[in-house]
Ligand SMILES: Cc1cc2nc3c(=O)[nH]c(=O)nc-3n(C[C@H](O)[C@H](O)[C@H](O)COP(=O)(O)OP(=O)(O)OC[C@H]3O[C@@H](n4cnc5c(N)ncnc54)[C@H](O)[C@@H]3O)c2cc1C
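Have a look below at one chain only, the form predicted alone, in structure tokens format.
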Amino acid sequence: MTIGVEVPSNTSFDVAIIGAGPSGSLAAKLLRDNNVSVIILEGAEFPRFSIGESLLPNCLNMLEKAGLLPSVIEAGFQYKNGATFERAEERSSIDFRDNFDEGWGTAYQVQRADFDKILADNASKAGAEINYGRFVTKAELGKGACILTHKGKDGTVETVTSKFALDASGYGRVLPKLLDLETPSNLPERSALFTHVQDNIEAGDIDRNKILITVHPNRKDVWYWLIPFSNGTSSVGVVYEKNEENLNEDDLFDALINQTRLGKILSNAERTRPLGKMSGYSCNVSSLHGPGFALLGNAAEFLDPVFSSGVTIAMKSAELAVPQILRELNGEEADWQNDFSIPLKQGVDVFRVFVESWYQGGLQNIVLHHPETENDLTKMMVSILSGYAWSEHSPLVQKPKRILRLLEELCA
């Protein structure tokens, strides 16, 4: 095979998926369950590192529906039943089981390298063909006729044809870039620094069954995550808008950590991977679908890591897209706007209201001062934080801004 020369390909599939992350693997598994031929083109070699490690309970509903949950349970990931919030001396916890919706009330905290590989391996076992180390460089898309050109690390160029294409490329946003679909986010540009550590946390310092969200004592735009894993390691990250200290990234990370109780909690921690950074991660697109294609998860829109909504949105987008693809493959008319875009964005917009309220300080006060006595308003809030942003019977989903204001007054 000549390096750098395009190799004619006779391979043809019903659906070609770009990316083997959670949305791509979930979509592939659901499609294979309906006897649809699927190929996945993934740029990385699995397992590979990724953030977005604290799953929400609603994820388990979707994994269960796709028959993927048993493999996740058997992997022995860290059990998760809620979240703890801290700001200086203020501290409060929520239990995801005290929510307004039916369905799972617990989840897992997962090393994404292992979690994503489990989902991809299950998609492969179901009959999806996965080609790793393949980068899509060109897309010719039309209803019922799609051609993806992809390049390997060795320089070989190949093509694959399909009747439909799904972009599940995450932060790579392959089709939005190739098709010029990217639009600016209305959220301010923020940065995240993160790493994994052998945490050596003393017993009693934290509840390992919960993600710990810490807010900077003086800067409401700065917050931290601590996600304990079942093997004694943790994911640690800090999100900020401005580097007010003008420090290099390693020094900034350490300085910000030590300005909170995390400095004491992690005083004996040892890094197990280099510090990573993401900047300007919030994104949007002009359209979630078009003739012959649809965008899933972070390839379409990413808000903010604060409520761990990324994987939930990714899985929900796959769950909504698959029925539309099946209709098209059956020669029926699919209403992508009303049955995919609008419902997906309704949930995303609920999360957006929560993100905006968080950085304005309102939601920070709610989660830190919510009353211990259970009521429907607090249960609705817990449901959103559990990933139930598409609930059809929750008033908070229907009118998030109005009810968050009521919660602020209640918690004042």
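Position 1 is the first residue in the sequence shown; the rest follow in order. No experiment lies behind these values; they were computed from the predicted model shown.
One more form of this protein exists, namely the form predicted in complex with the named molecule; it is left out here, but the text below deals with it.
Put simply, R48 is close to the named molecule in the predicted complex: some heavy atom of it is within 4.5 Å. In the predicted complex, the named molecule sits within 4.5 Å of a heavy atom belonging to S169. Shown alone here, V174 lies within 4.5 Å of the named molecule in the predicted complex, counting heavy atoms only. Within 4.5 Å of some heavy atom of the named molecule in the predicted complex lies at least one heavy atom of I227. Exactly one of the stretches 219-227, 195-203, 96-104, 263-271 approaches the named molecule in the predicted complex with heavy atoms within 4.5 Å, and it is 219-227. Between the options A334, V136, L256, V72, the residue in contact with the named molecule in the predicted complex by a heavy atom within 4.5 angstroms is V136. In the predicted complex, L41, E42, G43, A44, F46, R48, S50, I51, G52, E53, S54 are the residues of 41-77 with at least one heavy atom within 4.5 Å of the named molecule, listed from first to last.
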